[in-house]
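First, one chain by itself: the form predicted on its own, in structure tokens.
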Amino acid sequence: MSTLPQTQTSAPRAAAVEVRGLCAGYGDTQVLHDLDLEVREGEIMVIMGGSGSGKSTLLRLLIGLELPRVGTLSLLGHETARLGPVEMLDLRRKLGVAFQGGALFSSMSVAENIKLPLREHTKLDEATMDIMARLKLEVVNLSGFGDLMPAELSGGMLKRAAIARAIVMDPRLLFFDEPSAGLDPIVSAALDELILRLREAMGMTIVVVTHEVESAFKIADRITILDRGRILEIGTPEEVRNSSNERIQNMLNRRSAEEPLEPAAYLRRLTGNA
């Protein structure tokens, strides 16, 4: 289990992310119900849950792509619903997002992909952007791969390149969407180590959305368990592992929560006599 960086004082850390009474959904369907969540500065918070639990909707809210229907969401001390377009853009410059599939532009080299946020949001000269891209490639162990195209990278290398782009502007708050999805265990373990190093070396607050139990317990300071749009539990990996909640234990141990359907009941359902 990872540990929060030590400080000289025992003062509590400020909240980098603060969610209070948050509800969200699409159309007539409510997806998230009355969520309360706090992510402290310098913390790695892992958000877990099964399919349909609301993880993706919560992530969209956290990165500012959606606004809550009810409740408040504050990032780095700013309530997102109260920000105008210019203020929201300024806030987004302090956020980094590594998307599940990498989301690199196939027509650009790896280095050009990494420089894209700098080109869009700064007035740096080309030589400085080149240096910053090379530095971030070194951070993710891709030094020398900047001239390649995304199609020439392996799955794990694509993930690392996406991380390099996400951190090129040194964000204070970094989000990962399923960083280990589709990767073999060895590559996944290396990505876990990279996430830990990023927090230690750059002092970032990191939020990871994942369904990978082993990865979650390795990197998390705390884990939030979502189920059907509600928070079942927030705690340290040890607290979550020892939870008495049956749904949490089913998820951790990959046990089906559905009751088996007897053949007679299945036949009645098919014929409309259930």
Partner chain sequence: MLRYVEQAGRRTLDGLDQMGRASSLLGESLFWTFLGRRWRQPVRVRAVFAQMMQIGIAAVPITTLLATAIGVMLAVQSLYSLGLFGAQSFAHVGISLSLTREFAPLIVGILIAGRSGSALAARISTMSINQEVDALRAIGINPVRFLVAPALLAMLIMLPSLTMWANLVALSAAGLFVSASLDVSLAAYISNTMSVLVPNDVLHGLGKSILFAVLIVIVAALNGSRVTGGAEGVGRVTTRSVVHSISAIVLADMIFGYLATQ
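Numbering follows the first chain given and starts at 1. Given the structure is predicted, the values throughout are model-derived calculations rather than measurements.
Note that the form predicted in complex with the partner chain isn't included here; everything after this is about it.
S.K.: Identify whether the partner chain in the predicted bound form is within 4.5 Å of every residue in the set Leu104, Pro117 and Arg165, based on non-hydrogen atoms.
M.R.: Yes, the whole trio is in contact, each within 4.5 Å by some heavy atom.
S.K.: Spot the stretch among 187-195, 132-140, 81-89, 200-208 with residues whose non-hydrogen atoms come within 4.5 Å of the partner chain in the predicted bound form.
M.R.: It is 81-89 that comes within 4.5 Å of the partner.
S.K.: I'd like to know whether Phe145 contacts the partner chain in the predicted bound form, with contact meaning heavy atoms within 4.5 angstroms.
M.R.: Close contact is absent here: in the predicted bound form, Phe145 is far from the partner chain, nothing within 4.5 Å, heavy atoms only.
S.K.: Please check if Ala181 has a heavy atom lying within 4.5 Å of any heavy atom of the partner chain in the predicted bound form.
M.R.: No - in the predicted bound form, heavy atoms of Ala181 and the partner chain never come within 4.5 Å of each other.
S.K.: Is Leu65 near the partner chain? Define near as a heavy atom within 4.5 Å, in the predicted bound form.
M.R.: The answer is yes: Leu65 has a heavy atom within 4.5 Å of the partner chain.
S.K.: Should Val97 be classed as touching the partner chain in the predicted bound form when contacts are defined as heavy atoms within 4.5 Å?
M.R.: Because a heavy atom of Val97 falls inside 4.5 Å of the partner chain in the predicted bound form, the answer is yes.
S.K.: Which of these residues, Arg230, Arg241, Arg60, Arg69, gets a heavy atom within 4.5 Å of the partner chain in the predicted bound form?
M.R.: None of the others qualify; the residue that does is Arg60.
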